[in-house]
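This document opens with one chain alone, in structure tokens, the form predicted alone.
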């Protein structure tokens, strides 16, 4: 089926005929949104009057883009004379000079430095919101390109905000297709699907509910909306930082203060591809009253900050920060599950600044367990995606918070786990803490 034979589903005709520059499509599974959006890209590339036009289809991960859209791009351009395909770059070159290329939001730097006349962002809820604001949106500016956001809801995140904002803006086209209303899936099939899904899963995947709980989310019941608000920095109080250091991917940092029995998370920062000097400059520019050891500001670093690397001249990250006048402490090594439970215990008394912590909070909301498609169960380990680094840094923050909190103020633990020492006794978090080997923080 080439583009000349493309017969759009009636539900998407208004989308193809839109006049707005921006569009958001919230569609149930198997509604055909991918085919419709790829066809829209091909049609736009064929009729454009712009010289050397560039169009893109972006998925959360590069391999997803290949699996989801590449076959459709080749199929819908197959009847265009002299079209050429570049398999290594997942790119279709049209005879009028226009190009359509696939990208992954997991490597946003690959997008930088080029321009776009149109772009589709598929499953935008699974992307870090900064990909749009910091990377894609500037690429559309000089040629006034358009963008389409598509996906299925995953709670209140950037995709939800996009849908809500579009309600009030005449420059946006909006389309929501619920399975109960679209007529695209047989009623008997929907009934059968509902038998094998939880109510939340069905509401999210087929009824486009932004209110359904995210399946497998670690902090779904603990991170409340009322705990995300304006949180002011108090210069009289020390600011602590907890880090997850990425060497080939993201570094994530949380900034928090203790205020009575509350934890005030005042800031969040993440970046990739930078050395220690970049982060030192960032800390200095923020100018917070950092907690100190002696007269040196100190950082809570993960245990792998002790590792020495050839790239840094045989120095560890901890040693590099020391050379810039920063001291550090290493977060005690606990299991992943114990760290998650420590975070759950801290969340009821924790408040996040809505603006400065927006990206980090989105990561916490979407941080979830990996799903085993074969066994149809969630695994006991998290899905490793763009949310992982912020979530890991949050675990370190929760562990560091308990270390810094005076013993008399520590709450009664709500969670218990099997001790790793003998495999027999059920231990509380405090008991587990006492059994955990403590390493010296000296370098």
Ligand SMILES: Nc1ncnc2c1ncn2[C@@H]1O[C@H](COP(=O)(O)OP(=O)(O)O)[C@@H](O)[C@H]1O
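Every value quoted in this text rests on a predicted model; they were computed, and no experiment measured them. Numbering follows the first chain given and starts at 1.
Just so it is clear, the following notes concern the form predicted together with the named molecule, a form of the same protein that is not shown.
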Only hit among 66, 402, 30, 50 for heavy atom within 4.5 Å of the named molecule in the predicted bound form is 30
TL;DR on 33-41, 58-66, 392-400, 377-385: the one with heavy atoms within 4.5 Å of the named molecule in the predicted bound form is 33-41
### Query
Taking the shortest heavy atom distance, is residue 72 within 4.5 Å of the named molecule in the predicted bound form?
yes
Is residue 8 one of the residues lying within 4.5 Å of the named molecule in the predicted bound form, judged by heavy atom distances? yes
| Taking the shortest heavy atom distance, is residue 3 within 4.5 Å of the named molecule in the predicted bound form? | no
